[in-house]
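One chain comes next, on its own, written out as structure tokens in the form predicted on its own.
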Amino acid sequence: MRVVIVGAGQAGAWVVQRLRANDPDCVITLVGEEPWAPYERPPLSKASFVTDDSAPRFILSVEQAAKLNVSLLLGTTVVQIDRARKCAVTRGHGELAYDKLVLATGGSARRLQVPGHDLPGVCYLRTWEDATQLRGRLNRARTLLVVGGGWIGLEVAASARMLGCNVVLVESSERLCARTVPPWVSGYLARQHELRGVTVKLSCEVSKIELSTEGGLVAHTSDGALDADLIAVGVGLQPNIGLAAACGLEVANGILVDAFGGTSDPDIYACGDVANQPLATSGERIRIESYANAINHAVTVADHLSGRPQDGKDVPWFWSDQFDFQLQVLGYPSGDGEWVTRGDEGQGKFCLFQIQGGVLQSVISVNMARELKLAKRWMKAGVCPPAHVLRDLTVRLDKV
């Protein structure tokens, strides 16, 4: 079987490794637009700012790809998918014939739709080159304006503050990370950033960016003009669906796939950030942008391609490192059910358990990784300790 994988990111690299483990004879080609072999993206908004690494942390190095007998085409763009002839047309490497094609094209940093969004000094973060450029500019900047109060924006703000920059963060919504966590956690995040010197402005929209007379930048916002040496934008991810749409695959906020990553073409799969997949619990469609999902979804696709489909899916999981705390989210927090708190914000360690109808629906943890691991077991087993047990710090949850 010939498998061509388009996209050399987290998902693409894991498809390669799982597929090779399942099938030693499969002919595998991995195509990536960047010059780097597949690398870890989470450190780009975290550790990469405070280190002087000259290269990213590789998931699948060139040497590893060679040992796995995988053709790795880097710096290569697929410009067309010919479904009738079953080939991917590239710029520079001709046509790549496939029996099965996997689209792991990920996404691109969403651009601000305001005048001046592309001025020098306005930075976006998605690639290693983006991160190294931003890191170099941060070392010379005194004031950073972060546009966007989601996870990327918060991580960049924290990293820049740790480097000594004056940081102002603006978010158009009424609270931080409003799409993924409840209001109390949004408030916690805002408090932690403000305690460490970040100025947080909520319900604040940017309307225009201009060059200042001093050689910096000025952002015109609904809260007035804000001066900065540098502006970092983190306003979301745009799924890279161009190839899929052009060849007639079904798309809607990503590439529509089934439970095994199959698209509307039986010979084409999609996984990772670009895939709009059905939830195992409800069938509701969602596009998940996370490290863990990229791996789990890639494994699902590779196993299905190898004729080894797995039962069920892993519990969704996400984490964010900011300052001296790590926040982790398990499952899909919503406005339903009861929230049970274990620990104390003042102590810097707490866990929120969301229970609905006696079932553990989601968990949000700050510096309580052990509790999160236990909660994952409970969610997989469909069980949940009583609320009074979860609250009681004298009770060892691993003995429940």
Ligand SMILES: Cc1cc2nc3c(=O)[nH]c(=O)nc-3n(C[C@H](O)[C@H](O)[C@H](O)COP(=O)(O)OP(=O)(O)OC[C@H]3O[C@@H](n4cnc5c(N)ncnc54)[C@H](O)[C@@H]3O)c2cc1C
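Quick note: we count residues from 1 along the sequence shown, nothing fancier. A quick note: this is a predicted structure, and the numbers were derived from the prediction, not measured.
Another form exists, predicted in complex with the ligand; not displayed. Remarks below refer to it.
With the partner omitted here, the residue from A157, A294, V301, V147 that has a non-hydrogen atom within 4.5 angstroms of the ligand in the model of the complex is A294. Residues A11, R41 and E289 are all found to lie within 4.5 Å of the ligand in the model of the complex, as judged by heavy atom distances. In short, of 212-220, 246-254, 105-113, 173-181 it is 105-113 that has heavy atoms within 4.5 Å of the ligand in the model of the complex. The shortest heavy atom separation between R126 and the ligand in the model of the complex is within 4.5 Å. In the model of the complex, the ligand sits within 4.5 Å of a heavy atom belonging to D273. Proximity of E345 to the ligand in the model of the complex: non-hydrogen atoms within 4.5 Å are absent; the residue sits far from the partner. Not displayed here, the ligand is approached by V31 to within 4.5 Å at the level of heavy atoms in the model of the complex.
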